[in-house]
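Before any questions on how it binds or moves, here is one chain, the form predicted on its own, in structure tokens.
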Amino acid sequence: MASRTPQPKGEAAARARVSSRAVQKAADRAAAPRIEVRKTYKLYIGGAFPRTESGRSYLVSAKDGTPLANACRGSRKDLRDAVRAARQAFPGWAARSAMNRGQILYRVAELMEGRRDQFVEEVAAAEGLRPDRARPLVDRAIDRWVWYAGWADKIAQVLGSSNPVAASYFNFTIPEPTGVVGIVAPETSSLLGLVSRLAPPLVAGNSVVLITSEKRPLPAVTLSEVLATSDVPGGVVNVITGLKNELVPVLAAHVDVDALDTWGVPDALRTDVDLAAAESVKRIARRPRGVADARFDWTDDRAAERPEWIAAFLEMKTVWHPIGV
């Protein structure tokens, strides 16, 4: 039988003390509150999720000031890349049949339904609501997306016409998408307001560059993750997070943006944005006169479910065709 070499008493005691300290440290770590790994949300451009080329980010906090995540602080170049992606995606999206666009957008609503709990959590944190108050807002946002998707194959029948002329010609008026639409999202309604402004130009066949709410961007970024896993082609929707005073003037002045939704533009920038947009003769969709972003009731279906919001991003094309040819 092999004999065990006895260890000096001092060495054995030292090993025991080291082991005891290791156990205590492990117990202390288990008892201490864990520091969560905070997510840095990326941009959504051309169907991919790049980091901002500037390398900058900013802290997104809940309504009560609790840190939630880091968001990319988008730059002028990020915005230009987004416009380029939207321009490339526009012809294919506009050429799809209205029924197919409606099917694709309905699929987005299905995926939003699957991530409903995540949206509830994010809207509750962003807007300072209890989950039971945030849930109806998320439900209404999903329902509103479905409502607008249903207009995809109907809006042309409502706005188009066959016009009588005093000659042997057919004369048709046909609505067509405007092109690349820049949207400045509402600042206060992080999901419901966002959906209410994003869906109309998409239904009309436009591609979009979206500047999210500055203080409440997370529901918009989660929506971009939904879009990436849906059938919406890459580049049809591009999502930029960052500071509005840096991004909005660039979007307004970009000559390859055909229309601009200024709902979420800060009041201090409105005059400059209008002047910059006028340089390239952009079509502009504004908030109703006298309506403040923070006071608009996005839960009012009569106020926020409007075919006119789709028509704002359509151009009317009139075609003459000889009878009998």
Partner chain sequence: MPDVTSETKLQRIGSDNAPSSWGLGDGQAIPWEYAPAPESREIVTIRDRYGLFINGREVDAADGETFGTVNPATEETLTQVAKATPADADRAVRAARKAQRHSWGQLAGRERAKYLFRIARILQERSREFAVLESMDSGKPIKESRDVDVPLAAAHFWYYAGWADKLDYAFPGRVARPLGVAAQIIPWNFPLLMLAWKIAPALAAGNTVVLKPASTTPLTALLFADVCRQADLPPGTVNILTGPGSIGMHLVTHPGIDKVAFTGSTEVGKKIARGVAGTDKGLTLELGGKAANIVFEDAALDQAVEGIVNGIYFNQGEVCCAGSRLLAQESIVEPLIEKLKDRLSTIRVGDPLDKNTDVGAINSRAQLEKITELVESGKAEGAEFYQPACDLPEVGYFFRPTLFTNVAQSHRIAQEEIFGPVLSVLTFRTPDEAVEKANNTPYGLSAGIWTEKGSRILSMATKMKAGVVWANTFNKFDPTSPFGGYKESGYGREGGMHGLHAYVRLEDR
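Computed from a predicted model, the values in this text were never measured in an experiment. Positions refer to the first chain, counted from 1.
Beyond the structure shown, there is the form predicted together with the partner chain, which is absent from this document and is the topic of what follows.
The stretch among 36-44, 278-286, 50-58, 65-73 whose residues place heavy atoms within 4.5 Å of the partner chain in the predicted bound form is 278-286. Note on contacts: among N171, Q88, T188, S230, the single residue with a heavy atom within 4.5 Å of the partner chain in the predicted bound form is N171. Only one of the listed residues (A98, L159, A253, I104) places a non-hydrogen atom within 4.5 angstroms of the partner chain in the predicted bound form, and that residue is L159. Interface membership of L243, defined by any non-hydrogen atom within 4.5 Å of the partner chain in the predicted bound form, is ruled out. Interface membership of D274, defined by any non-hydrogen atom within 4.5 Å of the partner chain in the predicted bound form, is confirmed.
Looking at R21, you'd find every heavy atom of it more than 4.5 angstroms from the partner chain in the predicted bound form. In the predicted bound form, the partner chain lies within 4.5 Å of some heavy atom of E176.
Of the residues in 298-320, those that come within 4.5 Å of the partner chain in the predicted bound form through at least one heavy atom are, in sequence order, R302, R306, E308, E315, M316, K317, T318, V319, W320.
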